[in-house]
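Below, in structure tokens: the form predicted alone, a single chain.
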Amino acid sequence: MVESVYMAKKRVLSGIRATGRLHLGNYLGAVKGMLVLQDNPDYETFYMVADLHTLTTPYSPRELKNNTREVVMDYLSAGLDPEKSTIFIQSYVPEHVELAYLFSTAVSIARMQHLPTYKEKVKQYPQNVNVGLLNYPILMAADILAYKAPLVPTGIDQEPHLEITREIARKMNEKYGLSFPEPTRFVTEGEYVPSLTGEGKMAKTVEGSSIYLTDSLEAIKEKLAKTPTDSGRGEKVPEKGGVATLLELVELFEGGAEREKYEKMYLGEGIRYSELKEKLAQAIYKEIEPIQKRRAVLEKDPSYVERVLEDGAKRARAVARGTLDEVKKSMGLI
């Protein structure tokens, strides 16, 4: 039964770590892609909140449950529909963890240690280098392959982890005669949203970096006001820094033609950043205001969210269990 559903529709799996409310980078880099695939009848979509992945870096146990619910609320507010998508919390589906252990026997420690994402986290959290962090991509592979998902809506920073998933799929297929797909990334328009600080991408861990889906118009204006700029004129349009960030956001929320207009102004009469930031704030708020209105409705009925998660876990487990049993049988365990 599981296999027949898989053959009828292509599966999609995506997830966001349970670190609290979503920002524009999460929305444009992942959620908008989720929405596109959810509304495509050719796909069966599974969207989770990755609370187990959150445990690999320093976190507050007291805040984890609340942060997990915040992501779910943002998912639903942004338009993920439990009638169309299976929405669940990662830890509610223990088959992921068991599958990850089985997959860990197919990949070497050296391969995991050489991942650039692992090295970055080691530098970022030198006092918290744990085995879970090393095995993060293996659990991610289990997340994806539990549903035999050939597509993953995620940012470009996750590409090294997807490569591990493809390697594990190949090894399991070759060694045990399985039929896992080798998943690819579903690219969205805003797969890389720069930080308001002008350095790197939007991140919850960097103060003043992000605009959240729950931010008011005034909050957005205040944050954009702090984005560093220059005189507004020059011989070359900046390719990095605060000005580059503003131009990228203009393109994402107001269109390429508007960005071109500002670039010509930069090379000519000059940009008045106060006007650019005011228009940009209005455009961003116009995009997220409907999300905030839907969230206000959801907050009045918390039991609805719990029902969505219970149903989602049940549906996800049914699929993941079928995959796990198939793997265990092929490996001689049952």
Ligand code: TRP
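A residue's number is simply how far along the shown sequence it sits, counting from 1. Worth saying up front: this structure is predicted, and the values here are computed from it rather than measured.
Beyond the structure shown, there is the form predicted in complex with ligand TRP, which is absent from this document and is the topic of what follows.
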- [ ] Counting only non-hydrogen atoms, choose the one of 254 to 262, 213 to 221, 142 to 150, 239 to 247 that falls within 4.5 Å of ligand TRP in the predicted bound form.
- [x] 142 to 150
- [ ] Flag L13 as yes or no: does it have a non-hydrogen atom within 4.5 angstroms of any non-hydrogen atom of ligand TRP in the predicted bound form?
- [x] yes
Task: Partner proximity in the predicted bound form: V31 to ligand TRP, non-hydrogen atom cutoff 4.5 Å - done: no
Open item on the list: So, Y136 and ligand TRP: in the predicted bound form, are they within 4.5 Å at any heavy atom pair?
Closed with: yes
TODO: May I ask you to check whether A50 falls inside a 4.5 Å heavy atom distance of ligand TRP in the predicted bound form?
DONE: yes
- [ ] Report the residue, out of Q158, S85, S91, S77, that has at least one non-hydrogen atom within 4.5 angstroms of ligand TRP in the predicted bound form.
- [x] Q158
- [ ] Between 314 to 329 and ligand TRP in the predicted bound form, list the residues on our side with a heavy atom within 4.5 Å.
- [x] none
